[in-house]
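The data below hold one chain only, encoded as structure tokens and taken in the form predicted alone.
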Amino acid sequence: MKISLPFVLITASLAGLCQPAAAQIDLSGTWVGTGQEGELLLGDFTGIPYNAAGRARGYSYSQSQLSEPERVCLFYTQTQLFNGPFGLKISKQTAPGSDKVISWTLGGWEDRAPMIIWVDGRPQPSKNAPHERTGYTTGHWEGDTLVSYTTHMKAGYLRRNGSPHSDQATMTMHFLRHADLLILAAEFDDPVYLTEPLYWSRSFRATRNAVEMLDGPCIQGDEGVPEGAVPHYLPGKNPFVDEMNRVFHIPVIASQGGAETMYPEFRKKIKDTFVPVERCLTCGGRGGPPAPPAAPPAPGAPAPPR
């Protein structure tokens, strides 16, 4: 029997519709980060498109805020996914009596609450709904990529050095799996502190080894800051504004952040003011070449100050 080409194409198309949906890609399992955290100096806003309000809020931050009794056990927001040192444990939840996935859960860390990504079509809550550190996240599949959208986060930090974000911030993430490699790519928007979106990416690799998440209960303790006090710096009083310059010779204009610091062209603007660092200034004996020996003093010269 002779079969026409249009019939073959229609049959193939219908067969494609009967194949398992791309949403059947399994993200569950244990994943370990493939990279390490970089140096986190206070006042380093390089690459963050801050406006004046975001920069001012960041410079008011004191690391001692983490020692307030009210904040000792306070979670970071979900931005910590891209800045924390831990891996991921991802699990899926199905509808009772069915294999239909209704949500994915990214397990919590000691300083980040779990993230639940609802993929059952439920809407985002009202803009007036309570904001939490966990945020509220919905998701859908675009081909073989899970796309999630997080809203309703409390004000928090983009980096663990006081780089702020507001409670109006949102985060869109793409989960891309390639065999044993999982890539998270995110767009972060904040109409209060950012002039344009901030983009992140982080890679994880599947592992069968146990990955410690340190997600046990937090026990509040006295860390030296009295209850009711909020350590902070007044405008113009933050002593760490020029720390990136003192340690790595990065010009202050770069560490202040801003949209232009996100792009390679910014290097041309600062190249005449950048002095390369000859040796590691923060290794503390844990790496980097040793300091060159001091030249002997000239005869009759006074002893150098201590």
Partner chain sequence: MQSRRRMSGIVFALAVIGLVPVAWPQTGANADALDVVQVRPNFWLIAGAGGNVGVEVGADGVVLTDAGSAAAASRLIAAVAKLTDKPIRYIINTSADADHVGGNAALAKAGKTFFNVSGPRADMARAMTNGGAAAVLASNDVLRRMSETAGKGTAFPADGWPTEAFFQPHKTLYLNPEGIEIFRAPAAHSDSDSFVLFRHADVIMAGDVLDTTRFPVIDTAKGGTIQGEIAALNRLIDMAIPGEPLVNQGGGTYVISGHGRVCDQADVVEYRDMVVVVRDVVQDMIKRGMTLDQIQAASPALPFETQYGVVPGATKAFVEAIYKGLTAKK
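Here the structure is a predicted model, which means the values were calculated and not measured. Numbering follows the first chain given and starts at 1.
The form predicted together with the partner chain is left out here; the points below concern that form.
Novice: Tell me, which of N161, T195, T170, T134 has a heavy atom within 4.5 angstroms of the partner chain in the model of the complex?
Specialist: After the contact test, the surviving option is T134.
Novice: The partner chain isn't shown here, but in the model of the complex which of R177, H174, K154, R202 has a heavy atom within 4.5 Å of it?
Specialist: Spelling it out, the residue with a heavy atom inside the cut-off is K154.
Novice: Exactly one stretch in 140-148, 178-186, 80-88, 120-128 has heavy atoms within 4.5 Å of the partner chain in the model of the complex; which is it?
Specialist: The contacting stretch here is 120-128.
Novice: Is it true that T34, D44 and P239 each have at least one non-hydrogen atom within 4.5 Å of the partner chain in the model of the complex?
Specialist: Per the other structure, none of T34, D44 and P239 touch the partner chain.
Novice: Since only the chain is shown here, I'm wondering whether D99 would be in contact with the partner chain in the model of the complex (any heavy atom pair within 4.5 Å).
Specialist: So D99 does not count as contacting the partner chain.
Novice: In the model of the complex, is there a heavy atom of the partner chain that lies within 4.5 Å of any heavy atom of P217, even though the partner is absent here?
Specialist: Within the cut-off, so yes.
Novice: Using a 4.5 angstroms cut-off on non-hydrogen atoms, would G224 count as touching the partner chain in the model of the complex?
Specialist: Answer no; every heavy atom of G224 is more than 4.5 Å from the partner chain in the model of the complex.
Novice: For T207, is any heavy atom within 4.5 Å of the partner chain in the model of the complex, or not?
Specialist: So T207 does not count as contacting the partner chain.
Novice: Residue by residue through 48-74, which ones have a non-hydrogen atom no more than 4.5 angstroms from the partner chain in the model of the complex?
Specialist: Stretch hits, in order: N51, A52, A53, A56, R57, E68, E70, R71, C73, L74.
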